[in-house]
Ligand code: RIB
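Okay, so here's just one chain, in structure tokens, the form predicted alone.
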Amino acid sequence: MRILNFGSLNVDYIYEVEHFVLPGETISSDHLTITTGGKGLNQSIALSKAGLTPFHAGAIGKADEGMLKGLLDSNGVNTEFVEMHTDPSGHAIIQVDKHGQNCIILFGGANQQIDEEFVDKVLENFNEDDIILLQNEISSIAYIMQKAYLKGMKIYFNPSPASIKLYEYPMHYVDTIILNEVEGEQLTGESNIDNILDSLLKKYPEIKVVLTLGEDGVAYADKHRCEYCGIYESSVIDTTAAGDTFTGYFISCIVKGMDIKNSLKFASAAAAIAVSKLGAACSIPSLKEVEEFIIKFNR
């Protein structure tokens, strides 16, 4: 089984601030960190740190080859399907407040230059029962879903950032959707957790839903069962890559044959470590860190 993450690659500009800037307001930042990011890149590194060997497909500006492709390479991610473009790489402007919460402005850049020809070239290397992971930060998502489904690949989808484009995607092709409460509400129009789960399962009866709930933990539902898992307490410094860390570790646990309940717990522990560190990709813990964290927590 091969695992392909067809996703974004970004340069992140992280500004530490007292509070998020308001309309018409100018504020000062205490510190600027320039680092790597993009939900695609973060999730590939999370998959790798969780013990898998993922392939990453995506596009970057030539100027960022060393920074972005180099980071994936150094973390054991296969980058033979990362394409160089003359357009600049995608980037994000991230404010992190004193409570560790963040708000993000995302510029697509080369991530929005993924065309059908490139998709076909990549997917010809993958087969039935391989896994493909998608987010919502690159172009041609609907086409990728269609082609992957026809090949018999198992599609995991993290619909972030949520946008009107989601309604154009063939969601009935998705095996597992991993999303947060905000995205769940935007996708279903429901605000209650149970109603979000019920709405998604009613519309897509075969889908598996993983709904992250912040401080309230995470919920899983499919047509047969529902599971809830609480969080692991940790000091919150920066929540930027928490969801990406959870996604990578959850998929890894499933691939390794772990049951749903323990997969949720293990992925939640990884996310708890990630929020205790500043940054995106650099905050994703190793498998050993997560295992030691769980042992310490359970003492």
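Numbers for residues come from their place in the sequence shown, where the first is 1. All figures in this text were calculated on a predicted structure; none of them were measured in a lab.
Unshown form predicted together with alpha-D-ribofuranose; subsequent notes refer to it.
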| said: Looking at heavy atoms inside 4.5 Å, which stretch does alpha-D-ribofuranose contact in the predicted complex, given the options 233-241, 23-31, 60-68, 259-267? | reply: 233-241
| Would alpha-D-ribofuranose in the predicted complex be within 4.5 angstroms of a non-hydrogen atom of every residue among P159, L179 and T247? | no
| field | Heavy atom within 4.5 Å of alpha-D-ribofuranose in the predicted complex - residue from L213, I104, M171, L201 | value | I104
| query | Contact between S44 and alpha-D-ribofuranose in the predicted complex at 4.5 Å, heavy atoms? | reply | no
| query | Is A92 close enough to alpha-D-ribofuranose in the predicted complex to count, meaning some heavy atom within 4.5 Å? | reply | yes
| request: Would you check, heavy atoms only and a 4.5 Å threshold, whether K39 touches alpha-D-ribofuranose in the predicted complex? | output: yes
| Looking at the partner-bound form in the predicted complex, is I284 within 4.5 Å of alpha-D-ribofuranose by any heavy atom? | no
| remark: Of the residues spanning 132-146, the ones with some heavy atom within 4.5 Å of alpha-D-ribofuranose in the predicted complex are E137
